[in-house]
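One chain is shown next in structure tokens, namely the form predicted alone.
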Amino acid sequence: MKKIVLKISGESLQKDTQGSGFSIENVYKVASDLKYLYNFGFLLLIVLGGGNFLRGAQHKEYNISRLSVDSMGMIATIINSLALCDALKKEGVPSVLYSTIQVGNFCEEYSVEKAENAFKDRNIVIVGGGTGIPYFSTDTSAAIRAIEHGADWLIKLTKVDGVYNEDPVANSRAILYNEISYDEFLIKKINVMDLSAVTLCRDFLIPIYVLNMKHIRKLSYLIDERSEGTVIY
């Protein structure tokens, strides 16, 4: 069975493109998609973003310190993770939630050993809280989890179709890469994924697949065919 770390953006859970918080309908849609992959046989570790509540880059806009905004963001990822874990259980999928920061009785503190034992019992593992420290993104958290568990793939699910040479929102003529090397990605400083996350995956030879969230159910064959999205290797 392939072991996959899925980085899912918080925006995939939100009510609309301009809204904040999450939509229960969208939470259950993501849970249903994950159930499909689970039933296909993948071992899944999920890292959720918190961008549906706020993003670290907004600290200047809010006139709040980066430390405070990042701390709020880590809590936001736990809120998202609690919602998704509950939805998965109601979909009949064995799931466990861990947190990299202490949050009382809401969920257990994360450790590699706990997560590996959960995999043995065929649970989907969700890890909230980001890296557990400020100034790092959930992309980097996903890369760390992939390294810790020897994942076959780190898959970043986004609202765009993959890695482009330019921002496809700003330039409709931007070119989509089918594949790109770690080093080329880093040299060009492409913004679709944090450079620290790509650097970690390069150093530990974890391939990255950047894919539109709408193609999540296709992963059962896309990992072999790679006819959508972009592979960073």
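Source: prediction; values computed, not measured. In this text, residue numbers run from 1 along the sequence as written.
Below, we turn to the form predicted together with uridine-5'-diphosphate (UDP), even though it does not appear here.
Visitor: Tell me, which of 137, 81, 99, 95 has a heavy atom within 4.5 angstroms of uridine-5'-diphosphate (UDP) in the predicted complex?
Guide: The residue from 137, 81, 99, 95 that makes the contact is 137.
Visitor: Which residue among 198, 44, 30, 69 has a heavy atom within 4.5 angstroms of uridine-5'-diphosphate (UDP) in the predicted complex?
Guide: Contact residue from the list: 69.
Visitor: Contact with uridine-5'-diphosphate (UDP) in the predicted complex for residue 147, defined as at least one heavy atom pair within 4.5 Å: yes or no?
Guide: Answer no; every heavy atom of residue 147 is more than 4.5 Å from uridine-5'-diphosphate (UDP) in the predicted complex.
Visitor: Are any of the heavy atoms in residue 74 no more than 4.5 Å from a heavy atom of uridine-5'-diphosphate (UDP) in the predicted complex?
Guide: Judged by the heavy-atom cut-off of 4.5 Å, residue 74 is in contact with uridine-5'-diphosphate (UDP) in the predicted complex.
Visitor: Closest heavy atom of residue 55 to uridine-5'-diphosphate (UDP) in the predicted complex, within 4.5 Å or not?
Guide: It does: once uridine-5'-diphosphate (UDP) is placed as it appears in the predicted complex, residue 55 has a heavy atom within 4.5 Å of it.
Visitor: I'd like to check something about residue 131: if you look in the predicted complex, is any of its heavy atoms closer than or equal to 4.5 Å to a heavy atom of uridine-5'-diphosphate (UDP)?
Guide: Residue 131 belongs to the contact set for uridine-5'-diphosphate (UDP).
Visitor: Using a 4.5 Å heavy atom cut-off, indicate which stretch of 208 to 216, 21 to 29, 8 to 16, 221 to 229 touches uridine-5'-diphosphate (UDP) in the predicted complex.
Guide: Comparing against uridine-5'-diphosphate (UDP) in the predicted complex, the contact stretch is 8 to 16.
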